[in-house]
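Shown next as structure tokens: one chain only, the form predicted alone.
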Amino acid sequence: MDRRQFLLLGATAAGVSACHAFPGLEIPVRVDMPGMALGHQLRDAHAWPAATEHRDVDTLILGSGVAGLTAAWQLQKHDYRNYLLLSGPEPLGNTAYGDAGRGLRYPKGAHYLPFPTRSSTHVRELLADMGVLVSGEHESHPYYDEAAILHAPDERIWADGKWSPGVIAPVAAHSESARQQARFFRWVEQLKTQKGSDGLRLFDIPLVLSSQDDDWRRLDMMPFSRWLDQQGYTDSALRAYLDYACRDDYGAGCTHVSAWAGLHYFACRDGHASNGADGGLLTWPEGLGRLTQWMYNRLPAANVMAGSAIRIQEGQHNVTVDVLAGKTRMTIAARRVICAMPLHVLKHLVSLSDYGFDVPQQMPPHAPWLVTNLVLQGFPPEKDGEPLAWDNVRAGSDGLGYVVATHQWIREAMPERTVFTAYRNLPQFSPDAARKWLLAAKPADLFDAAMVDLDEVYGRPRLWRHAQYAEITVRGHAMATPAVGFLHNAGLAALRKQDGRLLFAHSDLSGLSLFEEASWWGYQAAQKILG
């Protein structure tokens, strides 16, 4: 894609701002806010055109993110053909990806998947169907495609003006800091195999398979930060790392996240591989878009429709869904409907209180994110010749570091072009205040916020010598945060149990945003359809 094509795309794509030129260098910057315009129209009770078309289908799936595509993949796999997938405002949802041309792809959202646990049979089945899990689907240590396993150097942290391995700032050996860190990681290793009074793992994934032991579920009623205080974990480097981990997976730090969720982050992951180290990851240049695109490609064109639901009404014999497809409004009548969209959108389409969910009281908080992809011609020089890692984090930063899209390319020489993907939430704001700031911010302000880690590590002059353009994806409601009490949310439990004409499938049902959770609820919805 040349500069002219990119500027044209930036000026014409729906939900995209015009390009912005920065002083000293004309670097095109595109700002994409997927789903924002439609979401605000739904919120504001926009006056839609009258319906002019009608269609009937047995099963309608609303949304083409992880949950919706998992449901469609399962229906297709089991020769169920009378279904229709409505893509929604952003195909592939939070796993969407971009393409810089000549095979250079990059993630616009989620970018890795840990080796799936034995409980995550649905994810293992998907990876086996794709050929990523080569053999041993039902064994403790499957064999995975070597090209998908994250290779070294995998992660590094910038602290005190230099790089160190790992994502926790180094401390002196035999110091109190080192002892606290060792004690914490020994503890979570024990938790990985510990079971509750009901014989289930204390922390499992999918989350609903975890133990219901009340002695442990009480941890959900306090913030992670208080539990750490009680246990004597005061080391600043450890606390900074734990805060980073919670912001990375949950969208909020230790003071907001449930203590149960904070421990779940570490203790639920017990996946193994016969050809990879424990705790290994699977990743691709386009991130988890590799998985959702594969599922999408399995679906016949006749079973997919571009469009978004704007109203859902359950009747005596079917469910009627009003759909906006381009400028046309149509009505689709379905025997059953899978709502595979976030709850903050769904609440505008259907009365969730009819299904046991109290919107004002039980809606999970949703954290906003910035995902910025900086397309580079060549690589900026590394300090002291340090090798570039896949994941690069800055100690104590409000940012979440950056990943390198071409890291998995196994070549004798560095590629001519690459993409640095920088992740950023806004911990200095409440979620609502952050969304207001994002909506009002100018492209230069968004870019400055997104570049907080890259600016510190490289400095803009060095980056500018290589930068071709940047793409900023603003996700105003990127992920549900497992705040204190999330395990005890009776409304989410009610939605999970629904088995009528309307089914619910989204990671929001778990109260946290992980691929395994979203895929689980899509899988469960499909099994209800298949009987």
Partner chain sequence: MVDRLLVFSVFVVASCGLAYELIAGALSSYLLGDSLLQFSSIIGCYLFAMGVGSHFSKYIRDEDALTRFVDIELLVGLLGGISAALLFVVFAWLSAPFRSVLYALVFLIGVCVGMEIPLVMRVLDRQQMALRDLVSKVLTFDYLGALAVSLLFPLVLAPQLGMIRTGLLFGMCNVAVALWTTHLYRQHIAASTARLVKGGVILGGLLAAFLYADRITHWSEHGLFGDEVVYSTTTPYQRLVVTQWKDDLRLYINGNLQFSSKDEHRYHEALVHPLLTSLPWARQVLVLGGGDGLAVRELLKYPQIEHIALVDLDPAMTQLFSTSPRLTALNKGSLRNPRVTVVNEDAGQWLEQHSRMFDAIVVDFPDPSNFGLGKLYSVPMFRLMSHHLAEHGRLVVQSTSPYFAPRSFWCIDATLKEAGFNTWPYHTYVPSFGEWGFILAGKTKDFTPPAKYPIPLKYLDDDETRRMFRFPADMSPLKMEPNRLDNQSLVHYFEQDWHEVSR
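Positions refer to the first chain, counted from 1. Quantities reported herein were computed from a predicted structural model and do not represent experimental measurements.
There is also a form predicted in complex with its partner chain; it is not shown, and the following applies to it.
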*asked:* I'd like to know whether Ala440 contacts its partner chain in the predicted complex, with contact meaning heavy atoms within 4.5 angstroms.
replied: no
*May I ask you to state whether Ile149 is within 4.5 Å of its partner chain in the predicted complex, using heavy atom distances?*
yes
*Can Ala182 be called a contact residue for its partner chain in the predicted complex at 4.5 Å between heavy atoms?*
no
*Going by a heavy atom distance of 4.5 Å, is Gly276 a contact of its partner chain in the predicted complex?*
yes
*Using a 4.5 Å heavy atom cut-off, which stretch among 320-328, 338-346, 212-220, 401-409 contacts its partner chain in the predicted complex?*
401-409
*Pick from Pro170, Gly136, Gly196, Pro153: which residue has any heavy atom within 4.5 angstroms of its partner chain in the predicted complex?*
Pro153
_Under a 4.5 angstroms heavy atom criterion, identify the one residue in Tyr355, Tyr143, Phe379, Phe266 near its partner chain in the predicted complex._
Tyr143
_Residues in 206-228 with any heavy atom within 4.5 Å of its partner chain in the predicted complex_ = none
*Pin down for me whether the Ala173-Glu386 Cα distance shrinks or grows in the predicted complex relative to this form (closer or farther, change of 3 Å or more).*
closer
*Would you mind telling me if Ala395 and Gly385 are closer or farther apart in the predicted complex than in the shown form, C-alpha to C-alpha, with a 3 Å or larger change?*
closer
